[in-house]
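Take a look at this one chain, the form predicted on its own, written out in structure tokens.
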């Protein structure tokens, strides 16, 4: 007599798949079958990793750097990360505060696990990166969303933050420059939010993955530099994926107060051990060979800035669409609520009829928007936005 297997765990049953990856996978499958798809779904630079980074990895591989490495990362890389923060932001830290992890996503998750327990609440401004709520739920904590729409520039206000805090609040997640909106908080705006977090004794997870992708004179803020109190409670997540076109390398970084850093390292030791050893030498070259890396970054920024402006202008020419001009990352987040469709239906029909892939705003906690990545070719942008205009015109008939 056979019996049915036990149900899967509550974690497996309650996790939501990544909508951004799902849309990207569907668009790629259509393209593989011969459909001419214009995809705005991918969240990765359309540039190759700079050659000097690849060569450093190849040299390390050939040199036998193929064994286990220290869980938090090779010491020379961790020290280079410390030196980067000192040079760019004046932040003084030690290598013991740095953990190198297999991707910034895992860094964020470990930061949540290290600080949050079942019953705790985590404040997440929406629109948010799709993985934050799932990470919080996997820690047994409760995500608490605060909607910050385009009328507020997609930014959390001090009044909203104060109203969201309860005795159960343990952590605030901030992301600047933002995925999905490209919004960049000013230093003064962040200082107000951090002041409230400090008064309520909250930890802050500051996701600064897109820190070097800024435009129009905007400057990134390393949140931990705002005050000694901020430094004592801020978990700074960054990495190599976006700045250096190294998404597939899976190398993220955390810089945190020493007790939190130790906890993150211990968690990682039981979950993944170290980042691929020879890949860390490529990351080291990205930080050490600054002239080459800076030139590659400048090339990307020039292209992204041109595409950002072109896509923004064309979107705002479409009747019924309104779109803010992002100051960072490589996304725009247009409002399409005037068309009377849910954003999910809008995206599904857009992909099926016009073969344009976009991610619905509801995936990021903001119904009525689309996330469009301009980390794609100028040709794709021009063709895709023309198809989008045609689709919107048909909806208005």
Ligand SMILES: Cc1ncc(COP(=O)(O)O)c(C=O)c1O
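Residue numbers count along the first chain shown, from 1. This one's a predicted model, so the numbers in the text were calculated from it and none came from an experiment.
FYI, the form predicted together with this ligand isn't displayed, but the following is about it.
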Taking 207, 210 and 250 as the candidate spot, are all three within 4.5 angstroms of this ligand in the predicted complex by heavy atoms? yes
Tell me which stretch of 235-243, 88-96, 194-202, 258-266 has a heavy atom within 4.5 angstroms of this ligand in the predicted complex. 235-243
So in the predicted complex, is this ligand close enough to residue 327 to count as touching (4.5 Å, heavy atoms)? no
Whether residue 154 contacts this ligand in the predicted complex should be assessed with a 4.5 Å heavy atom distance threshold; does it? no
Does residue 129 reach this ligand in the predicted complex, with heavy atoms at most 4.5 Å apart? yes
Interface membership of residue 312, this ligand in the predicted complex, 4.5 Å heavy atom rule: no
Considering 72, 125, 282, 104, which brings a non-hydrogen atom within 4.5 Å of this ligand in the predicted complex? 104
Let me know which residues along 59-86 have a heavy atom within 4.5 Å of this ligand in the predicted complex, or say none if there are none. none
